[in-house]
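Taking the form predicted on its own, here's one chain by itself in structure tokens.
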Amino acid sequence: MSSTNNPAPKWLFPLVLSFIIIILAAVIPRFLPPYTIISLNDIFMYIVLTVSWAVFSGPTRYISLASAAFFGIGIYVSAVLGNVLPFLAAIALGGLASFLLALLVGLSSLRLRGMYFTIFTFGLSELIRHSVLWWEVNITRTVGRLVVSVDNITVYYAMLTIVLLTLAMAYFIKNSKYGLALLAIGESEEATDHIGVNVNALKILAFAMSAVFMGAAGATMATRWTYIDPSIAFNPLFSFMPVLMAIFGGVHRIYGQIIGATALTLLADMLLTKFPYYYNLLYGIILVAVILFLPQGLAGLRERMSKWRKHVLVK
């Protein structure tokens, strides 16, 4: 009798590895010091912002700088309603508010292209920031709000859940016909429209879906801060960092986006701690070097090295 060895499916190893990582992530907080938990929450926050940004902007090549608007809306939902709503309800409402805002923005702006869309989305974040500031100064007669605090462990598990949901959404879209259609839009929007794809509806839906988890992350992270105001909630850093992190890790690979967000969050923390006076200079030099010499990010470097090894082995 002869027996044949059936190789394991390609998806089996990533599935098992993901399951092990999820189990470890759910268990380790009980054994980590508070500072490490805080650092992990920051990493989770930027993973959500980066992956959510890349879901829409990666395949379509529409560079959005509206992340701060969606993240800030979630923060303010938590700040305003945190006293009257349960924690999970505030998170869900923060995601819903960002989704509705993104739908409105998508309906009004996704006919713009290139730098016009980029400038519009950045202007949107600034418009919302100044509108909230005007409202607080002239209507409520206060600037900023106190936020109901939640312990770091609870925030950790909430952020871990949001990260997993964000990754699931990104994986589903990337490996579905919708992801293929978004890639086609990035290659040629006119040709995609001519083959029967409802381009505008797809762009608006993808843009709104990418905003949901940004708002949920904002509503969650707001509970870590005792006080927030428009300059904190709608900080332009939340618009630019996801773009840089995606480029650093690799825009078109989900694992690259995760690596980019994790690496740059840790790098920023290290530079700010050890070189506070040279932080911005060193951080800028590193980012410029990566963009110049690694245009496909760390994920692209890994793939090039893999191809190089195969080429050497063949020879």
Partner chain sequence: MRILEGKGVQKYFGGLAATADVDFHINQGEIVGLIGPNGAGKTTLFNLISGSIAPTSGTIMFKGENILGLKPHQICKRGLARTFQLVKLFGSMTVSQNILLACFFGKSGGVHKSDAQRESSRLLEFVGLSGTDGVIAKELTIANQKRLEVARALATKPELLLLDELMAGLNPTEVAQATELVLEIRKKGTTIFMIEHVMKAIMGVSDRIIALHYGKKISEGTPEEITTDKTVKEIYLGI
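The shown structure was predicted, so the numbers you read here are calculated from the model rather than taken from an experiment. Residue numbers count along the first chain shown, from 1.
A second form of this protein, the form predicted in complex with its partner chain, is not displayed here; the remarks below concern that form.
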Note: its partner chain not shown here; in the predicted complex, the stretch from 94 to 102, 80 to 88, 151 to 159, 181 to 189 having heavy atoms within 4.5 Å of it is 181 to 189
Q) residue 198 near its partner chain in the predicted complex, any heavy atom under 4.5 Å? A) yes
query: Can residue 194 be called a contact residue for its partner chain in the predicted complex at 4.5 Å between heavy atoms?
result: yes
Would residue 141 count as a contact of its partner chain in the predicted complex, using a 4.5 angstroms cut-off between non-hydrogen atoms?
no
In sequence order, the residues of 55 to 73 that place a heavy atom within 4.5 Å of its partner chain in the predicted complex are 61
